[in-house]
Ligand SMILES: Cc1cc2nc3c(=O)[nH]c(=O)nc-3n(C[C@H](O)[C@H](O)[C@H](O)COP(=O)(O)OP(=O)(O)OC[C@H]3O[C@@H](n4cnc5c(N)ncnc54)[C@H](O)[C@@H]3O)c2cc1C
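One chain is shown next in structure tokens, namely the form predicted alone.
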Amino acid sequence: MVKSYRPRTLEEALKIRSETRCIPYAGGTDLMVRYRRGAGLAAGFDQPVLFIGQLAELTQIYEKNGELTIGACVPYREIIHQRHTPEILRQACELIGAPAVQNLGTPGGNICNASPAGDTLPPLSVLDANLTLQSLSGERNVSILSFFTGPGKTILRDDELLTAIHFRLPHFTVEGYRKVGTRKANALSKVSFAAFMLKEKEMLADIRIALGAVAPTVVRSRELENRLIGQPLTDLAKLLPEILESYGKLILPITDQRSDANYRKTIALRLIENFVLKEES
């Protein structure tokens, strides 16, 4: 049977993590799937397990001076009911699994699992979220887009824990979120889409677009966004074919049991097109 630890403080957890390089375990909704061995069998963890979901330092969610801080182990259910949660993130959390999963699952687990289909990743990407990574030697703050290096791979060191997610509360005139799956909820994404747009004086003042499940990591291109920012709204339709062609080079989906690559790419480009041409509501 694998050894496990249940620390009482974050400092104790970081000390154990540093000494043992054990697997952090919060809600376990991703880990129990990854390490399952079959019906009736205990999960086959190959390293000691560090339970962190009970730590007070990691289970707080609060707004201060226009910034929302979400502890890495705050359950999705609390994020859904927090009044400052941006609607785009709330919608993503509402479509993650069944109520039991929402009561246990956490954004920290979704981020560290680093699946290209992670439901919270596109919304957090367009929110320009920053992550706090902490170890006994100190902490570092990194953007969520720089955190992922490939499917299931991140820059998290084996002596670190992701402790919090931070972002400024958004102020945009148009937003969009879409999860394309076999069912509305309780299904992994075939494609996921999150976006913001700010229109001012018939001009596109800002735009952010992120897509999940269509490449090894979340697709977001500030270069392509900057090519649209500052353009008159009447020119967007004319610019769109060139922009879609450029996004097409970034969208590199795979074919798997949930969907095929051509479908994913077609839907992803259509979602971008529909959003850019969307009338303010």
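Fair warning: this is a prediction, and the values are worked out from it, not measured in the lab. Residues carry their position along the shown sequence, with the first being 1.
Separately, the form predicted together with the ligand exists; it is not shown, and the next lines address it.
Peer 1: Is every one of Thr85, Gln91 and Arg208 within 4.5 Å of the ligand in the predicted bound form, counting heavy atoms?
Peer 2: Answer is no for this spot.
Peer 1: Given that the partner is absent here, state which listed stretch (199 to 207, 123 to 131, 138 to 146, 98 to 106) has heavy atoms within 4.5 Å of the ligand in the predicted bound form.
Peer 2: Result of the contact check: 98 to 106.
Peer 1: Wondering, does Leu14 line up within 4.5 Å of the ligand in the predicted bound form on heavy atoms?
Peer 2: Leu14: no, not in contact with the ligand in the predicted bound form.
Peer 1: Taking the shortest heavy atom distance, is Ala26 within 4.5 Å of the ligand in the predicted bound form?
Peer 2: Answer yes; at least one heavy atom of Ala26 falls within 4.5 Å of the ligand in the predicted bound form.
Peer 1: Is Ile52 a contact residue for the ligand in the predicted bound form, using a 4.5 Å heavy atom cut-off?
Peer 2: Yes, Ile52 sits close enough to the ligand in the predicted bound form that at least one of its heavy atoms falls within 4.5 Å.
Peer 1: Using 4.5 Å between non-hydrogen atoms, is Tyr76 touching the ligand in the predicted bound form?
Peer 2: Taking the distances in the predicted bound form, the answer for Tyr76 is yes, it comes within 4.5 Å of the ligand.
Peer 1: If you apply a 4.5 angstroms heavy atom cut-off, which residues in 103 to 120 are near the ligand in the predicted bound form?
Peer 2: Counting only heavy atoms within 4.5 Å of the ligand in the predicted bound form, the contacting residues of 103 to 120 are Leu104, Gly105, Thr106, Gly108, Gly109, Asn110, Cys112, Asn113, Ala117, Gly118, Asp119.
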